[in-house]
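Just one chain is shown here, as structure tokens, and it is the form predicted alone.
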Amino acid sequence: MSRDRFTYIVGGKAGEGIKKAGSSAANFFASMGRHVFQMDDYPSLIRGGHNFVAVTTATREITSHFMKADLVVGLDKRSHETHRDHVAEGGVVVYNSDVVESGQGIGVAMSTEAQKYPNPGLRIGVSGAAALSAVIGLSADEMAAFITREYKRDLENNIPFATDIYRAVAEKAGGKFPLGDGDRERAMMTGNQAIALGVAAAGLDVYLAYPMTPATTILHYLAAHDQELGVVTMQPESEIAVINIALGSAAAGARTAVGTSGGGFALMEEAISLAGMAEVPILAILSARSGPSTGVPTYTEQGDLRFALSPGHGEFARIVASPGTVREAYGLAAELLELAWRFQSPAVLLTEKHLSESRMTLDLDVEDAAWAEPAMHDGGGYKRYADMEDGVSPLLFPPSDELIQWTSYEHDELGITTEDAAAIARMHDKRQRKTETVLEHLRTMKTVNRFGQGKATIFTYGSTTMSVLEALRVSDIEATVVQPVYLKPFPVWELEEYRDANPIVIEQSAAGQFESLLAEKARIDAGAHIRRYDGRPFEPEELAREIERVAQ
């Protein structure tokens, strides 16, 4: 009988090919036509430490990993000790008997076998794919095809090594968890890849970033595909350089985005204020990590919400939104770039490590992306800051015979600096009308997602949405899930009906920043809340039990 849902955890030291062992399994499941969710857990180390990948696959849509695994493969002693409590009832544990003396499960001398081949430290990760092949009932030939597809290099050593591991596991647990195929091969994507493709689809010309986990892979992806996507990708020397180059790029007419995490975004704040005064269209992608300062660089949290809502000093229009799923990240990234250019204002795409780096299968309509097309000046007598009724001045870019004056100083309509009281008030009024124009435009858009229906009401946002939806799928809880996508301006007009709902608010914040935002902006007081702030995303089955507890 085939398995509806199956979870595989593989763990070991950094440098042993743990991520590859997990991603190869995820790719294989997707090739079978199954839905997949992959979560990588790793410390900020190049070598050593404890790394693991949790891959959950199902025959229906899935939006989270699970931590009760049907197969756990531990390549070192720490992994075996850490994950032996994560084995589901009836699950299989495969461990490296060379480093674990009396383990629970199936012991295989992985290190001894690896020593027979070149680069044994790197080869040991192939044990994960071999053990998985045996447990899900692949034949030896199918296992070899799996290895060939995923590892490609050094097959003359990888295949015989994998075959020895496969045989040892198959002897005791071969075919224990056969998996049924889906209807078609499925694509997989991380949140950062979806964001990169979304901004490219909206017409992005330039992407600038200084590497900072967990936003770094946007830079990597766009740099690797710069020719296909037509995006100039650059890594300046610091986040301060990133944002200032970006402002110059946008002022010259190039659709430009930057990406970073909390510490880097803090360095960009002064230039965000410049963008507010100069009315420069810029999209900043802020992928949050855990804790202030350096925090816990490779883990997830939603502690940057308040920070993201009001970057920079002074009063000017800001647009902030957060995607709830990898699929939504694609369309929202494009939409925010379009809004930044429509309103010549800074826009912030706020996300977290959990969405940025997790991979999942998805159906993506590449046409589901806005195109960033600003209102352009036509004719003579150009005024960069023309005092328009909606607060949005037409744009003009070089080359031109007209004066195009961008400035960080208060100014008149031409962009000439001024300290005249009436002129100062006039430009303040102009920028305030723009803020109101943004608000009115958002009223015409979809700014809130709703899922399900039930007596209980759950509010959440960002990547936590994925965990909440999966928790409801694996429980008998009947609830309406409300996910505000736009966080500034906050869509209070969409939320008025929930003022007496006493919702459960679920977020990854110790201080309850999202809960306080709901109370402040929409006058929605939580009946209960569930918070997690240890750097790990919510696990669906654990979360379901918490929802049931607080809902009573």
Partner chain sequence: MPDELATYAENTWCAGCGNFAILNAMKDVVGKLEERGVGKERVVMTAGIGCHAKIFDYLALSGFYSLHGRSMATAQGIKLANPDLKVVGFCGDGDAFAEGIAHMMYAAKRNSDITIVVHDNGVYALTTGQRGPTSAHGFKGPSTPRGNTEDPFNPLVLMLEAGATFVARGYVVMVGELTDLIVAGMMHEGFSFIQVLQPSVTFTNRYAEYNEMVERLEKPASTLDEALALARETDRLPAGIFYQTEKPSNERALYGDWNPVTNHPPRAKRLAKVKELIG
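Residue numbers count along the first chain shown, from 1. Owing to the predicted nature of the structure, the values given are computational and were not obtained by experimental measurement.
From this point on, the text means the form predicted together with its partner chain, which you will not see here.
Subject >> Within 4.5 Å of its partner chain in the predicted bound form, all of 67, 92 and 151 (non-hydrogen atom) >> reply: No: no residue has a heavy atom within 4.5 Å of the partner.
Original post:
Considering 406, 177, 161, 343, which brings a non-hydrogen atom within 4.5 Å of its partner chain in the predicted bound form?
Top reply: None of the others qualify; the residue that does is 406.
**OP:** Could you spot which one of 416, 386, 145, 445 gets a heavy atom to within 4.5 Å of its partner chain in the predicted bound form?
**Re:** Of 416, 386, 145, 445, the residue with a heavy atom within 4.5 Å of its partner chain in the predicted bound form is 416.
**OP:** Tell me the stretch among 252-260, 129-137, 161-169, 108-116 that has any heavy atom within 4.5 angstroms of its partner chain in the predicted bound form.
**Re:** Going by heavy atoms within 4.5 Å, the stretch is 252-260.
**OP:** Indicate whether its partner chain has at least one heavy atom within 4.5 Å of a heavy atom of residue 293 in the predicted bound form.
**Re:** Looking in the predicted bound form, residue contacts with its partner chain include residue 293, since a heavy atom lies within 4.5 Å.
**OP:** Please run the contact check for residue 376 against its partner chain in the predicted bound form: heavy atoms, 4.5 angstroms, yes or no?
**Re:** Result no; residue 376 lies far from its partner chain in the predicted bound form.
Original post:
With the cut-off set at 4.5 Å between non-hydrogen atoms, does residue 390 touch its partner chain in the predicted bound form?
Top reply: Residue 390 lies outside the contact set for its partner chain.
**OP:** Considering only heavy atoms, tell me if residue 502 and its partner chain come within 4.5 Å of each other in the predicted bound form.
**Re:** Result no; residue 502 lies far from its partner chain in the predicted bound form.
Subject >> Heavy atom contacts to its partner chain in the predicted bound form at 4.5 Å, residues of 207-231 in sequence order >> reply: Stretch hits, in order: 208, 210, 211, 216, 219, 220, 221, 223, 224, 225, 226, 227, 228, 229, 230, 231.
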